[in-house]
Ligand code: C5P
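Form predicted on its own, single chain, as structure tokens, below.
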């Protein structure tokens, strides 16, 4: 299991300060989301690698559009040199296959994950939007992604094991909303601890607030890595 740290602070300076405080921890994955990338762009991606070239970048933009537009965007993302990015599984199999077909033409491509159900959704909230059961639909989305050639999915820890059983143990699962030691859930609904993630064979856990709100982020990262 690998640790992915969400950079969700209000400014580039604060995000860079956080990264500098944890730069001694090699092999970390760094999640760059909408706000950070829209504000700070490609320059910020370079700055991450300058702080520690061993950091891996997960660009969390959740692409969702018509197939060719998604493939165009995916190719541009690959050219940024990031290590992982994601798209929405609900964009459909044709869109996912088009993205992977485009990336297959490149000499090197990042990992591609499909978002199944956002962890901010409760079961009731998901049904209001999709008119389907959350767990069953998340698994079906994962099967669609697996059959479309993607590397894995973004899901909650509670869906990870069923997804792997329905696809492959090697099909990656990345779970946002991890509260390593039972911290507050905040705006997430389906949160989990490290122990729950381990039991469900999660490959990547995403941790944000418990690290950047800590008085000593580096010590918190060390504590999480030791637990992993």
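Owing to the predicted nature of the structure, the values given are computational and were not obtained by experimental measurement. Positions refer to the first chain, counted from 1.
Omitted from view is the form predicted in complex with the ligand, to which the following refers.
Remark: none of the three candidate residues (74, 102 and 148) comes within 4.5 Å of the ligand in the predicted bound form, counting heavy atoms only.
The closest non-hydrogen atom of residue 164 lies beyond 4.5 Å of the ligand in the predicted bound form. Proximity of residue 3 to the ligand in the predicted bound form: non-hydrogen atoms within 4.5 Å are absent; the residue sits far from the partner.
Residue contact check for residue 210: one or more of its heavy atoms lie within 4.5 Å of the ligand in the predicted bound form. Using a 4.5 angstroms threshold between heavy atoms, residue 206 counts as touching the ligand in the predicted bound form.
Only one segment in the set 39-47, 195-203, 171-179, 64-72 has any non-hydrogen atom within 4.5 angstroms of the ligand in the predicted bound form, and it is 171-179. Contacts between stretch 111-134 and the ligand, counted in the predicted bound form as any heavy atom lying within 4.5 Å, involve 119 alone.
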